[in-house]
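Given next, in structure tokens, is a single chain: the form predicted alone.
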């Protein structure tokens, strides 16, 4: 995206505390846009649990086409106590990921200054890597079924799907990202080639083929169980990890904890193609028990805004937001826990704007 373009962002506040954190993300987006001279358009959408309970619809007719006119979606959170688990996640999150072909899930694992990690002796210099997760294949395609359901002989099958195209486009993006990140220039493939001998053999061979085109990037490999161990023992080893959908889902939650909790973890569901629509969100849930109290931490959502800017072509603006976040966590906030920050949700947003 060039500087002459207009950044079009759809805002889905969602459920629980989602609208509160989304509002702070929007506040920071408006502030940095003014400072950097970025033209933008924002539009709110009320998709989530409350609308579903009223209308029975998760995404009403025409919603996907409407959202597809935006460069990016900023999502607060989904998850409603009166809606069964899985309904909103499948009907909103997975539906948008698959419909918009958001084949990259990007999860920076970065420990901010002033944020506590449960890893003894580790600091911000030790925990600073990125996980690139394939986002449209594997077990998440929903292929499978039941035989003799609700009988003693019941069989359930869930099929993991891997395609050469799906593996290659994700792995190639990860190599490009590692090169651009320009740190250790080490890309670690995380899989389970010794057990998953068909699907992960395809992933492995694709990784080896693509690696030949990037002689400046060191190709590396971990079994997923070893990766979980090393993320805890030596997180400083990692630069960029590329992995499959299921394993990525698991290790990014581990990453969230070692970077100080889900309250500071942000992620992007990215369609890197020209004209693609991407979605950025905090990794924490909707935290309904804190709704309306002004105590929830918006840092992850503000970090999602930094990612949104970076991936939309406004790297300088995204970098400024990321730096401002670190100033606020390092010098202002007492804690990242809800109600213990020393500031209200809105005040934290104000602090980041001031730090810009």
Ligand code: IPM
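Numbering follows the first chain given and starts at 1. Everything numeric in this text was worked out from a predicted model, so none of it was measured.
A second form of this protein, the form predicted in complex with the named molecule, is not displayed here; the remarks below concern that form.
Taking the partner from the other structure, the named molecule in the predicted complex has a heavy atom within 4.5 Å of a heavy atom of residue 107. Using a 4.5 angstroms threshold between heavy atoms, residue 172 stays clear of the named molecule in the predicted complex.
Contact annotation: residue 80 falls outside 4.5 Å of the named molecule in the predicted complex, judged by heavy atom distances. Although the partner is absent here, residue 273 lies well away from the named molecule in the predicted complex, with no heavy atom inside 4.5 Å. Site annotation in the predicted complex: the residue of 95, 128, 249, 101 reaching within 4.5 Å of the named molecule with a heavy atom is 249. Note on the partner interface in the predicted complex: the residue among 177, 204, 140, 237 having a heavy atom within 4.5 angstroms of the named molecule is 140.
The partner is not drawn, yet in the predicted complex one stretch among 187-195, 116-124, 205-213, 85-93 has residues with heavy atoms inside 4.5 Å of the named molecule: 85-93.
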